[in-house]
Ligand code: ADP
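Take a look at this single chain in structure tokens; it is the form predicted on its own.
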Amino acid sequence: MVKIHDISIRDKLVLMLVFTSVLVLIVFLMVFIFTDVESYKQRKANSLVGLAHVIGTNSISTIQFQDNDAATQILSELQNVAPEIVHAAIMDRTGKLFALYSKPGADGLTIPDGLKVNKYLFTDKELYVSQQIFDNNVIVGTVFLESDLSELRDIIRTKYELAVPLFFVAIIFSFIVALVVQRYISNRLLALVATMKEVSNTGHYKESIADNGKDEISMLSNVFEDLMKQIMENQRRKDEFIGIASHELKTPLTSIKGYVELLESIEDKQPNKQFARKALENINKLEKLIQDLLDVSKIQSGQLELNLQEFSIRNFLDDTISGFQMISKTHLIERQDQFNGEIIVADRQRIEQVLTNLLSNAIKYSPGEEKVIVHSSTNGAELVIKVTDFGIGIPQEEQANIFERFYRTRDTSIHISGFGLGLYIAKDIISRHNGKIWVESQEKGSAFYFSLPLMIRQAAPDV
């Protein structure tokens, strides 16, 4: 079942406007029908009261002379004058029935208990009128009239028959108006939401929100834009600090590494030699981290340059995989090639950095496994390289985020070391080569792909 808070702002505005219009229309129609019915009832009551007064005036002499036939004749004229009259009766001063008229087919006369003299009374189907007859300010009798209200029922039915189609036409019209009116509000909000999503997905905080209004939506847009400017400034300062710190750390670390390498080469005794080797391994890790931080700083400042050159894919894979296999003691790197001496134009060192990072991650995140597969093939004018492991996999909901800076999956960030920079750098390097990088992962194992444009050699023209 769809919940109201799950509906988009556009649909909420449309529903709100349509609901308000329908509610107002219902109230208007009910008031219109009610006032029209009440007006008819008042006119009908006044008409019958006047008719009863005329009958009473014409019946004075018949009552005085006890001429029942003449009184009955007067009442019978109602069949032509007021055919809606069901019963008409004249009572003498003692309340005894003096003359009676009944419409053909009508039931017997029944005078309601609540009917008072010189008053009228409405029931569901009838209108009753009572009017006293005066002669020189002396009461000589009373006239009672009972009228059928079928005309009123017809009026009400006609009103509802008119109101129902009018109601549906009004709903359609209000829906159209709501669709047009809501755009002024929803389009601005949706534009703000779209910008927020774009910033969240890409991290490009330079996105501008154009809203020149002075209402709350404009205030929200301005606050969000100010917030993005603050984030950009904070990022600039952070990147500047990372760049300076990384650069300043690189020089002393190089000296430390040199001394430790020298110490490890001249030391023969154990466990001193083992200590020196462990120190050197950690220095290499720290050196890799500093290099990643420098790369990130260059990416953020737009200073990451590429040294493009032609090279053979096969030679590149031979050198990179064989070099990495020498330092991998736990996994066998298996190759699967499907190409024939293709050439690419790229920065070989940077592409090697990407492939090395993917191999390192494949081994790191597949503990206890024995192999990693590197599959390379051509797809039209593209080279596609896939690195497959058989490890812990990446949850589907996190796959879109793993190429973000400093992002690490929740399940692995605790017990596997790393800073979440390698894939971010790899994505930027591949993007600068006009390529693509993506991941496919199930519950067990992951496959990382990257593609690069192939260099198409033109055939020599015939002489």
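Residue numbers run from 1 along the displayed sequence. None of these values were measured; they are calculated from a predicted model.
Quick note: we don't show the form predicted together with the ligand, though the next part is all about it.
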- Using heavy atoms and a 4.5 Å cut-off, decide whether N357, I394 and I402 all contact the ligand in the predicted bound form. yes
- Query: Any of the heavy atoms of F450 lying within 4.5 Å of the ligand in the predicted bound form?
  - Reply: no
- According to a 4.5 angstroms non-hydrogen atom cut-off, is I429 in contact with the ligand in the predicted bound form? no
- Query: Would K386 show up as a contact with the ligand in the predicted bound form if we use heavy atoms at 4.5 Å?
  - Reply: no
- Message: Can you tell me whether A362 touches the ligand? I mean in the predicted bound form, with a 4.5 angstroms heavy atom cut-off.
- Response: yes
- What stretch, of 237-245, 72-80, 386-394, 305-313, brings heavy atoms to within 4.5 Å of the ligand in the predicted bound form? 386-394
- Item | Residue among A45, L421, I33, L51 with a heavy atom within 4.5 Å of the ligand in the predicted bound form | L421
- Which pick from Y407, F28, W438, F65 sits with a heavy atom within 4.5 Å of the ligand in the predicted bound form? Y407
